[in-house]
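Let's start with one chain on its own, the form predicted alone, as structure tokens.
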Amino acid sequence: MKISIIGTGNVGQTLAASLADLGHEVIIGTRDVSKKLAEVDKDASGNPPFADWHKAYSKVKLDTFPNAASFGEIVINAVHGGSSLDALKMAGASNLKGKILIDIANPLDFSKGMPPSLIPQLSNTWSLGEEIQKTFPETRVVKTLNTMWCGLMVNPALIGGGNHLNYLAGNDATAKEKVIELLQEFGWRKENLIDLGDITGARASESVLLIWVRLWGVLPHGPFNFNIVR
């Protein structure tokens, strides 16, 4: 399958590498290809510059947002939540029309430092997932994988034998089934994929980040997740 990832940060790189290893054709999009490849500094989390990662995963193509979005049968939004809409607008509504857009971003507001809050306009009675769906009405948005560290997104078996939860929300049932198939390729058990209903379910899953970030600061490590005890 042809899969596009919008965003070249650590999350985008993790998804791109895993999808390429699974045999998919993957392209990763950025605003400026030359500038991205010329970066030499580590990112804010201490990860090496993109060019170093790309040498190891040269089979993942790098292109502009519009070209990447045009390429993919499925498009994944892996851009920071506060910048997601701008990046997707750059990708182009015509390039996203009719496609499944997997939104894994969260509307986190770091303006007052750590821990972040949710962007007020994208919380409680609204969400980033809903805003993306409203902005791109002809795109089939599915919210998922936004409640965990990126390493678990692509390898749930890292903890608890893979027995922990992931959520989905979206208006298109067929799109959600296609996304479930992709999640199962990562190793997610179907019984651990909780369908929260239409895209308004993104309000709940995005709110999980408030407790997730607090726990990350206390533990502190990324490989943890939530489960339901019945």
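What we label the rigid core is the largest C-alpha set whose atoms superpose within 1.5 Å from one form to the other. It should be emphasised that the depicted structure is a prediction, and the values quoted were computed from it without experimental measurement. The first residue of the sequence shown is number 1, and the count goes up from there.
There is another form of this protein, the form predicted in complex with a further copy of the same chain, and it is not shown here; the text below is about that form.
> Counting only non-hydrogen atoms, choose the one of 45 to 53, 199 to 207, 29 to 37, 66 to 74 that falls within 4.5 Å of a further copy of the same chain in the predicted complex.
That would be 199 to 207.
> For Ser117, is any heavy atom within 4.5 Å of a further copy of the same chain in the predicted complex, or not?
It does: once a further copy of the same chain is placed as it appears in the predicted complex, Ser117 has a heavy atom within 4.5 Å of it.
> Residue-level contact is defined here as any heavy atom of the residue lying within 4.5 Å of a further copy of the same chain in the predicted complex; does Lys176 satisfy this criterion?
Lys176: no, not in contact with a further copy of the same chain in the predicted complex.
> Report yes if any heavy atom of Pro220 sits within 4.5 Å of a heavy atom of a further copy of the same chain in the predicted complex; otherwise report no.
Contact with a further copy of the same chain, yes.
> Determine whether any heavy atom of Asn155 comes within 4.5 Å of a heavy atom of a further copy of the same chain in the predicted complex, and answer yes or no.
Taking the distances in the predicted complex, the answer for Asn155 is no, it never comes within 4.5 Å of a further copy of the same chain.
> Among Gly160, His164 and Phe226, does every residue place a heavy atom within 4.5 Å of a further copy of the same chain in the predicted complex?
Checking in the predicted complex: Gly160, His164 and Phe226 are all within 4.5 Å of a further copy of the same chain.
> Is any part of 96 to 114 within 4.5 angstroms of a further copy of the same chain in the predicted complex by a non-hydrogen atom, and which residues would that be?
The stretch 96 to 114, when checked against a further copy of the same chain in the predicted complex, contributes only Lys112 at the 4.5 Å heavy-atom cut-off.
> Does the C-alpha of His221 move 2 Å or more between the shown form and the other one once the rigid core is lined up?
True for His221: a C-alpha shift of 2 Å or more.
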